[in-house]
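Let's start with one chain on its own, the form predicted alone, as structure tokens.
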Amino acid sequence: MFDKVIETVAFKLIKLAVTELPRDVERALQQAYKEEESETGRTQLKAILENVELAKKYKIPMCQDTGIIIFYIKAGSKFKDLHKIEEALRDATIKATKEIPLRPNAVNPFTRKNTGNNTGRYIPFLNWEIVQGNGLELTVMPKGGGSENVSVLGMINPSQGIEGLKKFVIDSVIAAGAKPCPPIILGVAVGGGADIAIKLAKAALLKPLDQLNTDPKLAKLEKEIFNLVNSTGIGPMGLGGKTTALAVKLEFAHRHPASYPVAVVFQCWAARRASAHISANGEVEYLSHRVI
């Protein structure tokens, strides 16, 4: 029973994600438009906002690059049919590719053959978290190639500390320039190992933009990096202005004394994500979007 519910909800989440921005992201873009001082920057932000409205109105993807499909799964340990979730999410991805439609983006890296349905080896990619309870929370993040291509990992010298972290992030933003389609959202993670930092940085992109970090020191550092990024003047779509970033979200893991991994994952203005909770009795609550 639950596999069909999961497939239906996952399909709906993919459609919501590619056609409607989460409310916090849309509000951030609207605020950026109000505050942008560059006429060229305002023109770009206006075009972005008009594009967002048209996508929502006509239920069509807001960007031609509908991304690689990534799911984050927070599963209650007592949720029924845990073993059926992966298949249900693959089926939902195939259906979404055909019916929304999505651009087929799953390509074999060696043969260059496209599967044609956005599924393949480890795609859609599933991030699992097992928690107490009998419910299931699903989040989808369709991650576009333009912003992904400039994401970086650095292993800086531990002696560089916070100043080294800030320099690495700003250098990464300057090197990326217009490529990630700013205004961007940055997921920044420090510590763990190379793989841990990258995973945490990408997951940080799921945090609501209007939600402050619960750690006051990290909230202050996020604001400082945010201001530094916007001082670069890269601006909307790289054409100049004060709005290069909509938000910076920090995450961390404890690290080895000899290692200081820093990961910076870029998200474009089309910060697509959608979440829902499925209760043990099959009731569904959509968390990121208003669903009538």
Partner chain sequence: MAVYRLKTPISEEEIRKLTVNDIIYINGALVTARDAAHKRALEFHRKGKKLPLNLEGLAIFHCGPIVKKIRDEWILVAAGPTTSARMDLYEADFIKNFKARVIVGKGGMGGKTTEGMKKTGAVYGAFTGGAAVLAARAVKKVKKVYWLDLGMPEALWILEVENFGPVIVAIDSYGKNLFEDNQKKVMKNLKTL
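Positions refer to the first chain, counted from 1. Since we're looking at a predicted model, the values are computed, not measured.
What comes next is about the form predicted in complex with the partner chain, which is not displayed.
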| item | value |
| --- | --- |
| In the model of the complex, Pro61 touching the partner chain (heavy atom, 4.5 Å) | yes |
| Val248 within 4.5 Å of the partner chain in the model of the complex, heavy atoms | no |
| Contact of Met237 with the partner chain in the model of the complex (heavy atom, 4.5 Å) | yes |
| Partner contact for Ile68 in the model of the complex: the partner chain, 4.5 angstroms, heavy atom | no |
| Heavy atom within 4.5 Å of the partner chain in the model of the complex - the one residue of Val152, Ala178, Leu126, Val107 that qualifies | Ala178 |
| Non-hydrogen atom within 4.5 angstroms of the partner chain in the model of the complex for each of Glu39, Ile48 and Leu228 | yes |
| Region of this chain that lies against the partner chain in the model of the complex, out of 72 to 80, 168 to 176, 211 to 219, 118 to 126 [heavy atom, 4.5 Å] | 168 to 176 |
